[in-house]
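As a starting point, one isolated chain is supplied in structure tokens, in the form predicted on its own.
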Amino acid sequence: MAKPISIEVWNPSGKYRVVSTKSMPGTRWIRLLTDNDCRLEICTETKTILSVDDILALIGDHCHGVIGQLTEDWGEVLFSALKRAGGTAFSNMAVGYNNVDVDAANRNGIAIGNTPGVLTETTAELAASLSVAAARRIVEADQFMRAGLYDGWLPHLFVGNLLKGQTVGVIGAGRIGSAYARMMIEGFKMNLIYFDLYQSTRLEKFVTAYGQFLKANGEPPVTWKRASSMEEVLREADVISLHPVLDKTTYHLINPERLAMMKKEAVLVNASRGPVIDEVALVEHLKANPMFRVGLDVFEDEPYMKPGLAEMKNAVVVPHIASASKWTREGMATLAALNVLGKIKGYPVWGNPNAVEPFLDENATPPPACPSIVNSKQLGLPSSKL
């Protein structure tokens, strides 16, 4: 069994043993655990992704809870080991939990935490950044400059797409999709077309009100339309951002047929989940359509890209950094720690996991609750009345 190279220990005499499989941003999450009688052990192994054997070694024979990462494989082996060690809680430092076998956690009585409510604006900002970078060919131009190739202004040099007055398409108008839409509409005066199984009334009201404001100031109003199908968005939008959940119905949502529906100079952005795009098909589409551009934060087989993608000049690729603002990452660490601490302490589950501001106020004591437990109903955990 593989042994982690090193462990950093905080509060060695603490009553409750909590393990973090990675060092996380900030120090508040550490203080919250150690101030509540937890012995915290942080794995400082240099490898990026820990194996199941590595995590088994971390859990050991006595462990009350674990804070883990989206890159780890949490299934029956780890949850049964955590149960045998006396543990009752695991929390991803992530809003997603595709790496977690929730049924296995339920069988072993392990509460599964995640960290929603803190990533919305940060993720939307990254999607907006990718949209602008791809549309205006910023990465290509940056590389051109650094290579010493610029020898004067030219009429055709890195001509890209104007965003103002164009149509932004959003597939999945939940919290992040709606925040992205507002940024693109208010920032670039784009019109909106969106597809979602549920009507986004708040987003529609925002666009209507902003359109009225523009009209009152002598400018053309922005408009919105709720599409009857995803294909309608793909055909009509100039910039398309993907914000669906990942399940069997959204796997390879973007495939060869749907890529062919898009405008030849469209921009496609994905900061949601990698497998919603057929990446092999995307590479072929980028090769065949040099004015079609894409901005990607996530990939089908992370940490790898499909062959050929790295060579595509019409692709902007970044390493899964949508949540990588200081405030968000420190907030995620805090929420993950409080999920584990709350379960250890027997606290109820917070009533609204998307309204987590009370847990993030550094000048106040967090509420006595678990911020977000995704399998609370299956385990019969009580809800907070606060």
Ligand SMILES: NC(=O)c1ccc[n+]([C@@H]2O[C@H](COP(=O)([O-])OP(=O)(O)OC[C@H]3O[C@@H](n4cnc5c(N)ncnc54)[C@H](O)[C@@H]3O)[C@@H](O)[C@H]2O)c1
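Given the structure is predicted, the values throughout are model-derived calculations rather than measurements. Note that residue numbering begins at 1 and tracks the sequence as displayed.
Below, we refer to the form predicted in complex with the ligand, which is not included among the displayed structures.
J.: Select from the listed residues Val298, Ala89, Leu234, Ala128 the one whose heavy atoms reach within 4.5 Å of the ligand in the model of the complex.
T.: The option sitting close enough to the partner is Val298.
J.: Pick from Lys345, Arg31, His320, Arg39: which residue has any heavy atom within 4.5 angstroms of the ligand in the model of the complex?
T.: So the residue touching the ligand in the model of the complex, by this definition, is His320.
J.: Just one of 180 to 188, 161 to 169, 90 to 98, 205 to 213 has residues with a heavy atom within 4.5 Å of the ligand in the model of the complex, so point it out.
T.: Selected range: 90 to 98.
J.: Wondering, does Phe195 line up within 4.5 Å of the ligand in the model of the complex on heavy atoms?
T.: Looking in the model of the complex, residue contacts with the ligand include Phe195, since a heavy atom lies within 4.5 Å.
J.: Check whether Leu119 has any heavy atom within 4.5 Å of a heavy atom of the ligand in the model of the complex, and answer yes or no.
T.: Because a heavy atom of Leu119 falls inside 4.5 Å of the ligand in the model of the complex, the answer is yes.
J.: Whether Ser229 contacts the ligand in the model of the complex should be assessed with a 4.5 Å heavy atom distance threshold; does it?
T.: No, no contact at 4.5 Å.
J.: Tell me, yes or no, whether His285 is in contact with the ligand in the model of the complex, where a contact means a heavy atom of each within 4.5 Å.
T.: The answer is no: His285 has no heavy atom within 4.5 Å of the ligand.
J.: Sequence order please: the residues of 267 to 282 with a heavy atom within 4.5 Å of the ligand in the model of the complex.
T.: Read in sequence order, the residues that approach the ligand (within 4.5 Å, in the model of the complex) are Ala271, Ser272, Arg273.
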